[in-house]
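Heads up, the chain below is alone and in the form predicted alone; it's given as structure tokens.
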């Protein structure tokens, strides 16, 4: 079964957008409630002080997902390294993707980015499982330079054929000789959610750094990041 890890800053009141909640309906989800500790605060002290409040908030988020028919559970972690914690729990739960919650209403169309050294077959399988039999359209996006135009067009066509075989409405968008991340941001603005591969350009900053804040600022969300090593 396809599983998505949903990290949330649980003591900061981070919630799940209605769009993400509905989007995850066909898959399993693990909500990772994390709290980044100051250097001087021992984890045991934080757990004693905050565990009950954090657990109650996590149970509310899981109940919200289960209302949308998603099978969900939760983990609670007090950590000094958010990135390392997310990577560890994703591996422990064999998650196929991470989710950046964002803010979104109904998801009618996904932007699926295939730029960079990403596992295209894994991304396509994940998208097919995520959409299942729902009427959610897909735009496959790829940025390349002129020398890679023909190979990129062929890759898009092959990926589109794979999704079309699942009955999914698919369009393609090939961006030539433009900055890949800027082109992705521009394309994402016209979509309800984004799917991207783990090794895509700027991914680590997309998930963990300033770019995520930029995406949130530009109201592009939610973002699902397909892991290079998921449950296969």
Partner chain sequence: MGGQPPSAEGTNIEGESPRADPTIETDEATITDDAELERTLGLTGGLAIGIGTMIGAGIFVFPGLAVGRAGPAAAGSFAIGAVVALLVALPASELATAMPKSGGGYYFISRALGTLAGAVVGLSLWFGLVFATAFYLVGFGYYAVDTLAELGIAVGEGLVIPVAVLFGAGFTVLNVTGTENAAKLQNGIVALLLSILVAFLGYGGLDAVGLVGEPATPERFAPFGAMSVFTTAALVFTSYLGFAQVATVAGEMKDPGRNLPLAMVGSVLTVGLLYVVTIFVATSAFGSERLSTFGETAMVEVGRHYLGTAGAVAIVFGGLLATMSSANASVLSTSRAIYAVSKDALLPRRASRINLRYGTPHVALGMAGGPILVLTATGQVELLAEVASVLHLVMYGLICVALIALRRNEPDWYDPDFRVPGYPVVPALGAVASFVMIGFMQPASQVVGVAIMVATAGWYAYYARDVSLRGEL
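Please read these numbers as outputs of a predicted model, since none were measured by experiment. Residue numbers count along the first chain shown, from 1.
One more form of this protein should be noted, the form predicted together with its partner chain, which is absent from this view; the next part is about it.
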> Pick from 153-161, 79-87, 120-128, 140-148: which stretch has non-hydrogen atoms within 4.5 Å of its partner chain in the model of the complex?
Replying inline: 79-87
>> For the three residues 98, 108 and 169, which mark the spot I'm curious about, does each lie within 4.5 Å of its partner chain in the model of the complex through at least one heavy atom?
In response: no
>> Within 4.5 Å, heavy atoms only, which of 174, 187, 180, 46 is in contact with its partner chain in the model of the complex?
In response: 46
> Applying a 4.5 Å heavy atom distance criterion, does residue 67 contact its partner chain in the model of the complex?
Replying inline: no
>> I'd like to know if residue 60 sits close to its partner chain in the model of the complex, meaning any non-hydrogen atom pair within 4.5 angstroms.
In response: no
>> Contact with its partner chain in the model of the complex for residue 92, defined as at least one heavy atom pair within 4.5 Å: yes or no?
In response: yes
> Going by heavy atoms, what in 10-47 lies within 4.5 angstroms of its partner chain in the model of the complex?
Replying inline: 37, 38, 39, 40, 41, 42, 43, 44, 45, 46, 47
